[in-house]
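Same protein, same chain, two forms; see structure 1 and structure 2 below, as structure tokens.
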Structure 1
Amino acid sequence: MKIALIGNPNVGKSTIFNALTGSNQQVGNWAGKTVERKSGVLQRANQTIELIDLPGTYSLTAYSQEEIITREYILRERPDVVMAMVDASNIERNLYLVLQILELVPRIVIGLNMMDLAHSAGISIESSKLASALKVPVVEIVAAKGKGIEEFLSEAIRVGSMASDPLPVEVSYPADLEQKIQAMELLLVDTPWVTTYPLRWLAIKCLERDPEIGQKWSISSTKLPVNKTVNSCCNNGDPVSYELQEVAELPGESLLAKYEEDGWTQDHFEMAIADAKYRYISSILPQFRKHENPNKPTLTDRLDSWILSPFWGYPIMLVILALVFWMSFIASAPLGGAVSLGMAWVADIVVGLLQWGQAPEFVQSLVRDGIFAGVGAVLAFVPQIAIFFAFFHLCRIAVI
């Protein structure tokens, strides 16, 4: 059985993967990419399971390397089941990726991770109601503490072993967009591509003018000799490469040209489809998510109301940027001067010792004017760089 582990970045996938595979891992890069490829083999109930830890991604739109790799794997290697990791404390953004996966594969199990963080933030999620809303199994887990990991895997094995595919939820699009999707479906329903891609997903991607659609690829794997002296966790495994065989033109160009004349460009379709998914998520959220003490906002909520305000947000941003640059270039100036003075003081001591030892003048000049003056000029910038990156790190943490 082949299982794909998918989720947003920093959602806990690596923790799950390491807990399940242990040292039975193969780590390398995807063919032609700089993105790490991790796979592992495990045994459960006399069954061999290959677990693939796909790169963290926020969507399956083919823009970044992570998005392309994740989608290519699902489309071309067709895993038996997908284990989708979801951050319970930020479920709305995570469910967007889940809806995209459901358009590609019907066999999916959701791992609701970071439930402890959600509870501490006053968020209560009923996993059974989430499962009913999306029509897929949901398992509550706390990956950092090892809770629910085996249950997550067991449910994935059960779904992957089902005799027939389940019927997952279908996103409701606005009437005008739904009409265009169905019109494209009618043009594609009799083409051989519906045996390769799900019809609805194929129609949506044709409307978005996705460059991937219409391409036929072959998959090849080259066996490498195993290095017995290398630990199995560091084995690069067998490199898998994809070779483009054919690019076919799908029907619908005239229909797309008509839509474009009406103002439905590629970007318009992409934004309308993404907006519809987020609207759908917002419509089902009240079914399974509740905020405890909703009338008592946290400190973060109060700060967000100011920082994210369309009126106060820009002035606050400018004040923060001014503070960062003032601290980096003006407030750090005395520190840089102190570093320069310190290097000059050390240089005088060293040169004094060289004079006492009657070292040649060019050696003294090299030490004083070359080594210490050059290094001192560089070190004088260290306080500026340190202060700037300290602020940068704080801003990054605040955004996360």
Structure 2
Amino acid sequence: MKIALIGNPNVGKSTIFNALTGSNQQVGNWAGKTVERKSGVLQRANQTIELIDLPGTYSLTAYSQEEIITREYILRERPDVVMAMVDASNIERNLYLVLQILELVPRIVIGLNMMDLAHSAGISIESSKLASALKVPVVEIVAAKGKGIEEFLSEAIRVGSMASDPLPVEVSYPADLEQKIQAMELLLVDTPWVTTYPLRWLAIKCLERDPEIGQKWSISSTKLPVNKTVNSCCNNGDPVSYELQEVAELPGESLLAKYEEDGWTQDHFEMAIADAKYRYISSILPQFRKHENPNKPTLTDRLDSWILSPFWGYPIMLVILALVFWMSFIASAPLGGAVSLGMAWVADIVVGLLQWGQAPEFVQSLVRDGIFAGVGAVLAFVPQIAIFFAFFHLCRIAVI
């Protein structure tokens, strides 16, 4: 069974992936891309599962390299199940991606992450109601603490082993758009493409003039012989590459031309479809989300209003930098001095022992002037470096 992890950037996909695969990871590159392709093989319930960690993306109509990879994987390698990670604190934008996946892959499980973050912003989400609104299983997870990860996977396996595809919810488009989608569906229903892709998705992508529609790709996973002359240091071999087999002419050109005359250009379709999805999300949102005091500023908001203020921001930055500087250089000086004194004291004792043991002069010199003086000089810097890195780490986690 092939399972893909997908979601917006920074929702915790890699945390889940690492927790599930552990050291059974295979890291390569995506064909022709400088982006890592991470996959892992797991054994659960007598099944071999290939789990793949896809790069974060906001939509399946993608432009950046990472997004194209995610999209091409879903389209060309067709995972059996999609584990969709959703950030509960930012559910509208996250569900936008989920709705796009739902149109393409019916077997999907939602992993609801960052509930704690949502909670502190006054947002509460009832996962059971989200599940019934989208007709898709939802598992609550706390990726950072490792909670719910196994349940998330076993739910995905359960969905993947179902005899027939589940029927998730369909986005309801406004009447004029719906009518155009249905007209396109009528033209496409007899083409062989409907056996590979869902009809509605095909129709929508035809209206958006998506270039992938009508292309047939084959996947070759044979490793190409590594060419030593071509930069072998940096190319660890693409495990999978795609080959374009044929491009078919799809019906509907005349219909598209007619719509264009009426003002329904490609841009207009793209916008209308994106708009309809966001509207649909807003319409189902009250079923599962409660937002208490949406205008109440969170702790981050309150801190930001000072730290990022155009006036106070600069003095606050200077004070923090001065504090870090003072702590690591001036306040740490007595500690460094204490380390030096301590080393000298230990050196005296050890050399005293050596003299008592009649050790040769060069051994005493090695220990006193070489080991203790040398290592001691380095150790004297430890307090300084430790304090600096403590602050450095603090600043880093404060950003997150």
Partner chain sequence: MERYLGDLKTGEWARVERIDGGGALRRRMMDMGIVPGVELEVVRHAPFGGPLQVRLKGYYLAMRRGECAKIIVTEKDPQYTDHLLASR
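This is a predicted model, so every value here is computed, not measured. Between two forms, the rigid core is defined as the largest C-alpha subset superposing within 1.5 Å. For numbering, take structure 1's sequence and count from 1.
Matching the description of the form predicted in complex with its partner chain is structure 2; structure 1 comes from elsewhere. After superposition on the rigid core, the Cα atom of V11 is displaced by less than 2 Å between structures 1 and 2. The two forms, fitted on the rigid core, differ between structures 1 and 2 by less than 2 Å at the CA of N90. Put the two forms on the same core and the Cα of V189 is off by less than 2 Å between structures 1 and 2. Core superposition places the C-alpha of E361 46.1 Å apart between structures 1 and 2.
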